[in-house]
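Coming up is one lone chain in structure tokens, specifically the form predicted alone.
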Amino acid sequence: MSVSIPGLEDAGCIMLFGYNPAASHPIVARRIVRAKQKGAKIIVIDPRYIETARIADIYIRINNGSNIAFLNAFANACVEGGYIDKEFIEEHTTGFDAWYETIKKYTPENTQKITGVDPATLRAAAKMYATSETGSVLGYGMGVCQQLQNVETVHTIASLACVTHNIGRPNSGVAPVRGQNNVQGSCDMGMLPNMYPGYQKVTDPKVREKFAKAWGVPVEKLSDHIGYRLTDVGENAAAGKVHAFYNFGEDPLQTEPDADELKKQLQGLDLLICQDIFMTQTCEIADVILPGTSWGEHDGVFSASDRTFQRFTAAVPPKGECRHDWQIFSEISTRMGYPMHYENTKEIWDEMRSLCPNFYGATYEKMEGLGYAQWPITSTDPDDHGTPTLFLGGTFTTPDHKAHLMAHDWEHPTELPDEDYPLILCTVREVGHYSCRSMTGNCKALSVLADEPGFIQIHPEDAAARGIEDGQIVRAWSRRGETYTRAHLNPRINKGTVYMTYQWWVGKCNRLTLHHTDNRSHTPEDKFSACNVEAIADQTWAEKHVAKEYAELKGRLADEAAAQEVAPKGEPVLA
């Protein structure tokens, strides 16, 4: 994010594109409500009439899979309406003419068939966003990132913010939110195949030399090439390119697409290690399980989506054989020939700060209590808490310090509906349960609110055509597999589209989703695949079937957890 989350309250206009904060980030949603109370204009562009649409000044229902076409037309309306900042473009950007050669082909009129958006409404939204006197923020989420043209859409959003000068000044910017807890922190710390901590490239010899010196190893010991992504693991395992997989705090058999095929691929590995706090479906097939500690049992630092570091401390000590994650990593490293020892997380954090210039000023002392530090932060001055707004004055982090405008032509999604699979499946989130549900699925109170087999949102007209009633168990299937779930009739979604959350173990939508990734970020196209849904005449059988399947799954996980060997007291976990 180029802006801060608290700063959203002072924006003149907030435009949400493919982002449902009420379900994904309730605290951010509250900031948006406060901005509205202060007089901000709200624009919501989404295939669903989400909660924030209730307070929106303009709500635009967009067709699924049409993001680039819509944004190009939106940018076209800004240029043709005279809502761009020519002086900012001239002084702080490059490539406008080439950018506009693409943009001018997409008018609100000739894209209406693709987007489903009324041209007059689109132009009104463009004017509202581009002409806000106190600045506009464009927020986007997984509705952008989990599409075929995800990177291209981000390019277009950033370019749109630049040409309207809604970046590089206070109370404006782009606000991409992270999909899961501490994803921002994971990226900050180098859990990317192309970066060391602090977004320092693995292909840069000087970066490798710096880390090699700090870690006391020959520089040739550090990789000089980009590694695999999580979404590459299954296919590479099947192809014999990956033989071992160390899975840390993830349940890919729940969260990754085409889950049944992925299970076969992971079972073919020579070695599968899982490090987690609960038994999961991925842990169930692992060769080795390492018991880590939960957020309440250890201390460390989280990164919020807006680049803010926040420290947290342990509430209770670890139980039984559990070790802190960093202790497990240190023991494994030592046993593999590289001695690694730290006394506490502060030692690790200070080492990281010394190697990452943009994080250097984020000391533990600044983060005591309710303190924070927002990168980039280079000063250790106790009163300096970092940088709420990036690119102020129009200075960007490119070699020429200018923003490079980029535009792309629209492409249709990979798998389109047809006669056999006439519905579009889109994965979404909900408030009641979180992520893969490995934690919240073990909470009885949350199970009372919502439980297996989860829900599939379907438009009433699509349901009526299939004889489906609200609350009934239905069968959903695609070219990958099938699942059973509960119908939720929702008039606030597009006809011809169904929505499923990926939390449910029995009603697992990722048995249906397409495993297709873009060639740059390797992110799955979770927001668009083809499927079908049918009613089940015998609801008594259906209810018993899903209850039996759920009980068997929980039983298997419990039995597997109980069967794990516990190291003798005083002995290392890694025997």
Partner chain sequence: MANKFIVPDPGVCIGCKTCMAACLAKHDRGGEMAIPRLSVTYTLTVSAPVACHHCMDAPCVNACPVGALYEDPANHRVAIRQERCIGCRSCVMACPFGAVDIVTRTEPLVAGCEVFGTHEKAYVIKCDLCVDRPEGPACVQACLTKSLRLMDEDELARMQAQKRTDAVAGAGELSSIAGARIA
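Positions refer to the first chain, counted from 1. None of these values were measured; they are calculated from a predicted model.
Beyond the structure shown, there is the form predicted in complex with its partner chain, which is absent from this document and is the topic of what follows.
Visitor: Counting only heavy atoms and a 4.5 Å cut-off, does its partner chain in the predicted complex sit next to every one of Asp97, Ala120 and His408?
Guide: Answer is no for this spot.
Visitor: At 4.5 Å between heavy atoms, only one of the stretches 161-169, 111-119, 486-494, 464-472 reaches its partner chain in the predicted complex; which one is it?
Guide: Heavy atoms within 4.5 Å of its partner chain in the predicted complex occur in 486-494.
Visitor: Please run the contact check for Pro26 against its partner chain in the predicted complex: heavy atoms, 4.5 angstroms, yes or no?
Guide: Yes, contact at 4.5 Å.
Visitor: So in the predicted complex, does Ala535 come within 4.5 Å of its partner chain, heavy atom to heavy atom?
Guide: Because no heavy atom of Ala535 falls inside 4.5 Å of its partner chain in the predicted complex, the answer is no.
Visitor: Can any non-hydrogen atom of Arg30 be found within 4.5 angstroms of its partner chain in the predicted complex?
Guide: Heavy-atom contact with its partner chain at 4.5 Å: present for Arg30.
Visitor: Should Val448 be counted as a contact of its partner chain in the predicted complex, where contact means heavy atoms within 4.5 Å?
Guide: Result yes; Val448 sits at the interface with its partner chain in the predicted complex.
Visitor: What is the one choice in Glu543, Glu51, Glu549, Asp57 with a heavy atom within 4.5 Å of its partner chain in the predicted complex?
Guide: So the residue touching its partner chain in the predicted complex, by this definition, is Glu51.
Visitor: Quick one: from Val431, Ala214, Leu392, Met340, grab the residue that has a heavy atom within 4.5 Å of its partner chain in the predicted complex.
Guide: After the contact test, the surviving option is Val431.
Visitor: If we check its partner chain in the predicted complex, which of the residues in 92-114 reach within 4.5 angstroms of it by a non-hydrogen atom?
Guide: Heavy-atom contacts to its partner chain in the predicted complex: nothing from 92-114.
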